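Coming up is one lone chain in structure tokens, specifically the form predicted alone.
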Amino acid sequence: MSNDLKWNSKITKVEPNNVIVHGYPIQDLMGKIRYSDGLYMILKGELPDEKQSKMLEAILVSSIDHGCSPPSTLAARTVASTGAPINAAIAAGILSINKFHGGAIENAMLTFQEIKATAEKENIDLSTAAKDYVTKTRNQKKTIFGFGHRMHTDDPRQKKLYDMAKELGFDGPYIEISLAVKDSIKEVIGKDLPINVDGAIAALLCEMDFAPILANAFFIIARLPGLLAHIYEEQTDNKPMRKIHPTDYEYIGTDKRSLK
């Protein structure tokens, strides 16, 4: 008689005194790999090579925090201010990551993949396919995700990620497509919009062959330590139930410094 409740998983084997993740004993990984290596491995089933490891680590660090004003940070601080436990405050922050805040990575990945597929199907260059996409999207009055920023006109995070992509060999067709879309937006729409960090991460995740369905999770994982820091500061440095202004705050932390 078959058991209809039985099901399978390829990720982790757990039995008494033994934890195996994609074939690796967990204790053999501890102290040997970066956390980002573990993230890559748990999703892909294999450990990254050194170049993949450095690229993913940079992606995660790029989005660790962006000040007090992002919606996820304000949500997390507001809930923390009510005296809620840390898991509730973290959840509030994560639930505020959506289409227009941190959640543009998936849509940008789908955009870049669509442009590449169009170029291959119609046997046209990536620049032409990008311009066609921007023109079509503008006519449909739809948003092109991954471009423009409320604060930055030349996002230092995007520049560093693309410099590393070139250095590590990830400056492939999707990086080219993102740059072509930027140029096409300026030509077709008349706006000189920067590639924002979401767009840069999207291009790189495409280059690293991650599925778009996973895209926004990378932002959530990256931003979690930042949310935690803001929650802790809110609960230790401020009065509970205060009125939290979204922009009227001042940075009083450590002055700019360099790595030794």
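All of these numbers come straight from a predicted model, not from anything done at the bench. The first residue of the sequence shown is number 1, and the count goes up from there.
The same protein also exists as the form predicted together with another copy of the chain; that form is not shown, yet it is the one meant from here on.
The partner is not drawn, yet in the predicted complex one stretch among 115-123, 68-76, 139-147, 183-191 has residues with heavy atoms inside 4.5 Å of another copy of the chain: 68-76. Of the heavy atoms in V134, none are within 4.5 Å of another copy of the chain in the predicted complex.
Among heavy atoms of G226, some come within 4.5 Å of another copy of the chain in the predicted complex. Using a 4.5 Å cutoff between non-hydrogen atoms, K166 does not count as a contact of another copy of the chain in the predicted complex. Remark: I97 counts among the residues lining another copy of the chain in the predicted complex, judged by a heavy atom distance of 4.5 Å or less. In the predicted complex, another copy of the chain lies within 4.5 angstroms of at least one heavy atom of each of the following residues of 75-110: A75, R77, T78, V79, S81, T82, G83, A84, P85, I86, N87, A88, I90, A91, A92, I94, L95, S96, I97, N98, K99, F100, H101, in sequence order.
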